[in-house]
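A single chain, nothing else alongside it, follows as structure tokens in the form predicted on its own.
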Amino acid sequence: MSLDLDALSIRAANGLALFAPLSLQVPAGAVVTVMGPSGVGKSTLLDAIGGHLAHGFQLSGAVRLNGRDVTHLPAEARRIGLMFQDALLFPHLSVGDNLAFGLPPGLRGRARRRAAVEDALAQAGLAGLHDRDPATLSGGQRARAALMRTLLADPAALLLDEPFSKLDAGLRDEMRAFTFAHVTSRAVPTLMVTHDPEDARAAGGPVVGLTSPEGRRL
């Protein structure tokens, strides 16, 4: 699997490009980091890749998954997972049911689906917490549960939007190690945007800086 961007560029409603055309390849199991200050368009870039680009923006270039052009497919047809700054879990569902929400429709049978959830909970260090209220979890536990829910959907690629920025400093190293170990073991091509150089160092992959259309680093 690989995630490829070919001369990807985004223009705002005023017609101005947010950044210079971006071309890169994210191989299976690798984490490529995109860095740049607030306002340069990092989160908008992820929205475009995932199929969530807001009205008013215009996209040019191509997004390819395993050689397949998905640029104009709806988000639900792309199989691209997205992790935000906040570990958002559905408050009306138990921890286990939150993870089950991410299971692909092709996994049928109550016993098989429950087994998949229990295995994911164990991998996340949350064994025995299937029936817990998400509100009772610590920040680190919520972050691990949210990541496992995303991975259970079997994404062809994963996008990380400042995934560790709202964690306490003591949890960041733990979640970086947990996240990057899982995307590597599952061979998921992963693109991460961040302000934090420590995130990039922990990811261990290439680092790309967004630039203005004139070539000046923002």
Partner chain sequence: MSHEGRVLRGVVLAVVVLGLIAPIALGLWQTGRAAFGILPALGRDTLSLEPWRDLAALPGLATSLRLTLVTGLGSTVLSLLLATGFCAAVHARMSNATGARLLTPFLAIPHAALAVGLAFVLAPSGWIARLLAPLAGWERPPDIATVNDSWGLALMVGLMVKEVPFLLLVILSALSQIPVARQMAAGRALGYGRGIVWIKIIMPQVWPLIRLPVWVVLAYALSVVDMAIILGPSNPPTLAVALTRWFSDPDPAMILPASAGAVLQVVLVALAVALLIGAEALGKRLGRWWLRRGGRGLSAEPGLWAASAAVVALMAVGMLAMVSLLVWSLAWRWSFPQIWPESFSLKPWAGAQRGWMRALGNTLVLAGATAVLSLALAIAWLEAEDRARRSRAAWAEALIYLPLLVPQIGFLYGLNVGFLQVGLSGGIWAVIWAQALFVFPYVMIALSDPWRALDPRMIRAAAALGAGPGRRLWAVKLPVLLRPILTASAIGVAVSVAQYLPTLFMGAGRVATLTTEAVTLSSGSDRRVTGVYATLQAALPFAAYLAAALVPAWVHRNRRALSGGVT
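Everything numeric here is computed off the predicted structure, so don't read it as measured data. Residue numbers count along the first chain shown, from 1.
One more form of this protein exists, namely the form predicted together with its partner chain; it is left out here, but the text below deals with it.
This chain is displayed without its partner chain, yet in the predicted complex the stretch 149 to 157 from 149 to 157, 32 to 40, 174 to 182, 61 to 69 comes within 4.5 Å of it by heavy atoms.
Among heavy atoms of Ile80, some come within 4.5 Å of its partner chain in the predicted complex.
Its partner chain in the predicted complex is not approached by Ala169, whose heavy atoms all lie more than 4.5 angstroms from it. In the predicted complex, none of the heavy atoms of Ala127 sits within 4.5 Å of a heavy atom of its partner chain. Using a 4.5 angstroms limit between non-hydrogen atoms, Gly102 touches its partner chain in the predicted complex. Leu93 is the sole member of Leu93, Ala115, Leu107, Ala122 with a non-hydrogen atom within 4.5 Å of its partner chain in the predicted complex. Taking its partner chain as it sits in the predicted complex, the stretch 49 to 74 comes within 4.5 angstroms of it through a non-hydrogen atom at Gly51, His52, Leu53, Ala54, His55.
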